[in-house]
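The chain below stands alone and is given as structure tokens, in the form predicted on its own.
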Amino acid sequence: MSTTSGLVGRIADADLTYVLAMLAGVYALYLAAGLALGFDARGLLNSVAVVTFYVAVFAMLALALNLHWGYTGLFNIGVVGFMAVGIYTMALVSKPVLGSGGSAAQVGGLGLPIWVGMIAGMAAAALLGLVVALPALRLRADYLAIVTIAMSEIVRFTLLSRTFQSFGLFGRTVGLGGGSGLILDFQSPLAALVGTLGLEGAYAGLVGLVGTVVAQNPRAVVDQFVYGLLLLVFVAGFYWLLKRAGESPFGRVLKAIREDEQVAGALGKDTDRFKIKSFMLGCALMGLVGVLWFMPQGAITPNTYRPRLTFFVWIALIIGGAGSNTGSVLGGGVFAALLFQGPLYFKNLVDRAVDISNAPGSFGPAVAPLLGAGDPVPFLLYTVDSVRQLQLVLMGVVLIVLMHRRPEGLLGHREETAATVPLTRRVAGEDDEPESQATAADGGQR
């Protein structure tokens, strides 16, 4: 009986169980919302596909940021800059050559395969991380934050510049597109993967199967849903990579730097070199997420990469708990489902139950009846109608509550320790714990 209960307890405490429970809860919530809104099969599949996409991208970004902040203690608030460098570099490398194939794009690319562009985007983001890290990592945390956010804005204004709108490279006319952005006129990444794996027939069969319940354009529905599932595979890859890194000697040094950099340096570790490696690896992962997020969009513009996207990632990490990879995945999922996409679904639900077409268009007419006649209805209608604009306010309130009530996040209490061996030694003659209990107490996670 005790063995069975112990097995059940280990399964319930397993990290995969937490993640699967989070996904099941998100899907149940969105399916219930879709049914309440009267969605047909197409609408239900679309809602699940969209939330899967955002859960995956925010989970990956939270994991990458966890390497910087949770593992190494590096205060990076320039996440969006590395994402922009990743996707723009990928576009520069993999867009078709200007004038080939009847392309209507204003600038072309080098025409290399998509996978080459993805690697180039990661490499460019890592190289930018090196450029930022060399002068900045000797700064204190708050000054490093200023440098990284300034870097992200420099990247955005560089992308907006007319100077780099179009230029020559290796005999090709390429460019960053300026304020007009870039058209991503290359093959769909999902179509390229299906073709590379030789799964065209099986994929067509899946589209045909979905077409029996989705009459209008089932291919688009399948593409969106399968791409979301593919991104969940990338989340698993990110998790595995960071877990292995954290359990390696490299990761143990990073955790020691997080706890006390001076002590790590006194033990003979080149802390600057370790911080630079950690920073570059995290930046490369952020560049890859930038590619995976915006590659299927069809077009990109510089003003998409404003600092608020960085703060979204920080909220996701804080929700899950810095220092925990599983917490980062949970935080990304909770943020995407409840705070990023949730307000839109809430508005649609209220709009279906109550007619909000007569909601006041500005704050003054909304609050005047409340202050005058004590009528709260116009103000409530205005609030629901403006929920997208009030989204940042909601995030701020949630962040304040978290900081007061649970600053360690959902799983921040499981932050991995910096030491892998007991830091105390038993004194001969003392009544010590049994060896198994001492090992469990000193070597386990907090």
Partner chain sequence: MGIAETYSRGRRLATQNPVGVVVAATAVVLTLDLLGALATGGVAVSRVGRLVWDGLMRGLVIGLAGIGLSMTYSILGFANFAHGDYTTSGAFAGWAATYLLAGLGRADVGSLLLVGAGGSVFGAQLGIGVVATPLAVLAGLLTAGAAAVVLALAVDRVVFRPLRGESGIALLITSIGVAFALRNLLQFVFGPARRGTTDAGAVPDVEIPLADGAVTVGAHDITLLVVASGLMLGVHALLQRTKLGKAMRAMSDNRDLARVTGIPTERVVTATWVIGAALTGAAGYVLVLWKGTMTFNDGWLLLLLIFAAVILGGIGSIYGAIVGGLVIGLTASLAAVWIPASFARAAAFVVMIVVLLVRPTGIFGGRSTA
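The model shown is predicted, which means the values in this text are computed figures rather than measured ones. Residue numbers count along the first chain shown, from 1.
There is another form of this protein, the form predicted in complex with the partner chain, and it is not shown here; the text below is about that form.
> Evaluate Asn303 for contact with the partner chain in the predicted complex, applying a 4.5 angstroms cut-off between non-hydrogen atoms, and reply yes or no.
Close contact is absent here: in the predicted complex, Asn303 is far from the partner chain, nothing within 4.5 Å, heavy atoms only.
> Report yes if any heavy atom of Phe346 sits within 4.5 Å of a heavy atom of the partner chain in the predicted complex; otherwise report no.
So Phe346 does not count as contacting the partner chain.
> Is it the case that Gly208, even though its partner is missing from this view, gets within 4.5 Å of the partner chain in the predicted complex, heavy atoms only?
No, Gly208 sits far enough from the partner chain in the predicted complex that none of its heavy atoms falls within 4.5 Å.
> Would you check, heavy atoms only and a 4.5 Å threshold, whether Phe167 touches the partner chain in the predicted complex?
No, Phe167 sits far enough from the partner chain in the predicted complex that none of its heavy atoms falls within 4.5 Å.
> Which of Gly111, Pro369, Pro307, Pro360 has a heavy atom within 4.5 Å of the partner chain in the predicted complex?
Partner contact (heavy atom, 4.5 Å) among the options: Pro307.
> Identify, from the list Glu200, Asp355, Asp142, Asp375, the residue with a heavy atom within 4.5 Å of the partner chain in the predicted complex.
Selected residue: Asp142.
> Whether Val107, Ala192 and Thr196 jointly form a contact site for the partner chain in the predicted complex is the question; each needs a heavy atom within 4.5 Å.
Verified in the predicted complex; spot residues all out of contact, no.
> Name the stretch: of 28 to 36, 44 to 52, 57 to 65, 385 to 393, exactly one has residues whose heavy atoms fall within 4.5 Å of the partner chain in the predicted complex.
Within 4.5 Å of the partner lies stretch 385 to 393.
> Taking the partner chain as it sits in the predicted complex, which residues of 289 to 325 have a non-hydrogen atom within 4.5 Å of it? Please list them.
Going through 289 to 325 in order - heavy atoms within 4.5 Å of the partner chain in the predicted complex - the hits are Pro307, Arg308, Phe311, Phe312, Trp314, Ile318.
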